[in-house]
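As a starting point, one isolated chain is supplied in structure tokens, in the form predicted on its own.
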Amino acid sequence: MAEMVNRPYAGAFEAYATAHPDVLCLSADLTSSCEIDGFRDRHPDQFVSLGMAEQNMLSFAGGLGLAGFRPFLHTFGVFLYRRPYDQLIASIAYPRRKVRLMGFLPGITTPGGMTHQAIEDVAVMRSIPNMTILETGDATEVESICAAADSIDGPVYCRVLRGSVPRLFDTPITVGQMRELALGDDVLIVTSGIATEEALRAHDALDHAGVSVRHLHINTIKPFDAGPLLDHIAAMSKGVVVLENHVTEGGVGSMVAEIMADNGVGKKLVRLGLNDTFAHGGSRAYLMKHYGLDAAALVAGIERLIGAKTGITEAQLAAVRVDAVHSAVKAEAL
């Protein structure tokens, strides 16, 4: 079982912001839910509460960026693009403001249902000119997300994990660089965010079943350097499977499909994620199983790709836990 880190964002943001006085902490009335309540109490001069008014917060942040500040906006990811889309475009993306959009509860990491689940955010943000997209997959990436985001000359949208988060990696995010987690030559697995730990659970079972997998973890979704990915795909004998905490349209799977099509790559591709559906409320483990985002769904996708059964059972996968059972963590609630 991986080490579990409690509230990694809280300490990481405080350390980064206090070392950079021109960083301002903006909250949309979800201060404790985004782990910045301690920062608010200890550093009120760098904290601004905009209340439950995200449209105003994004316009306000654009003005702060024009004045030379680097505002970090904290709210649930879904509230950074659905309602304030016009302000996002006009006040932040179009003028290329150095605004850092820290979006919590990506995809189905919340039991809050449709209103709180950012399931199409990558698709929306990928389509916006000047926007960079980063996604955290473990505690180390959460701890390094502030520095990574603040290195970008322009607006950045980050999918941030909160609460109790497993530590899977030893090194911080390097913007634009994928992590190579396995180097087989049959099937390429591409994952991001919480999907990565599900894929890690399946590694040993797939190896014992005779399926040689190469596994890439992506934390920089846009901009994306296609060259290394194409080299990995070229080395595969069977094809590619993408697993993501997002709808299958417009996210990482679509990005991989676009790269393959643009470069005339004629290999099979299976895209796994939310299949043209909103998700209802429930624990993370339940939702991942119900909607086909867990290790078992990945194995099934690989079986479709290679046209053969692996013999891997749900019991085998259930015996391998990369992390503690997340649904037991109170921080996953609203």
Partner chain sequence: MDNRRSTEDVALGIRRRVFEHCMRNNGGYLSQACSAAEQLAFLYNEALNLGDPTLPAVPKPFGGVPSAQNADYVTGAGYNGPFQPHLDRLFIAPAHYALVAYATLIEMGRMAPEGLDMFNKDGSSVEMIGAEHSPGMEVHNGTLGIGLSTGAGLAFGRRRRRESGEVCVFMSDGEVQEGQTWEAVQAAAHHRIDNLWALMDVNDQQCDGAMDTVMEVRDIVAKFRAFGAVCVEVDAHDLDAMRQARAEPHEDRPLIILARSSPTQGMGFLRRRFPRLHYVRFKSADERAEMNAAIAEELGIPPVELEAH
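Positions refer to the first chain, counted from 1. Since the model is a prediction, treat every value here as computed from it, not as a measurement.
Although not depicted, the form predicted in complex with the partner chain is the subject of the following passage.
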property: Candidate stretches 297-305, 65-73, 277-285, 262-270, one within 4.5 Å of the partner chain in the predicted bound form by heavy atom; result: 65-73
property: Exercise: residue 177 in contact with the partner chain in the predicted bound form, heavy atom 4.5 Å; result: no
property: Partner proximity in the predicted bound form: residue 50 to the partner chain, non-hydrogen atom cutoff 4.5 Å; result: yes
property: The partner chain contact at residue 35 in the predicted bound form, heavy atom, 4.5 Å; result: no
property: In the predicted bound form, residue 314 touching the partner chain (heavy atom, 4.5 Å); result: no
property: In the predicted bound form, the residue from 95, 228, 223, 113 that sits within 4.5 Å of the partner chain by heavy atoms; result: 95
property: In the predicted bound form, the residue from 87, 140, 164, 254 that sits within 4.5 Å of the partner chain by heavy atoms; result: 87
property: Residues in 43-60 with any heavy atom within 4.5 Å of the partner chain in the predicted bound form; result: 45, 46, 48, 49, 50, 53, 54, 55, 56, 59, 60
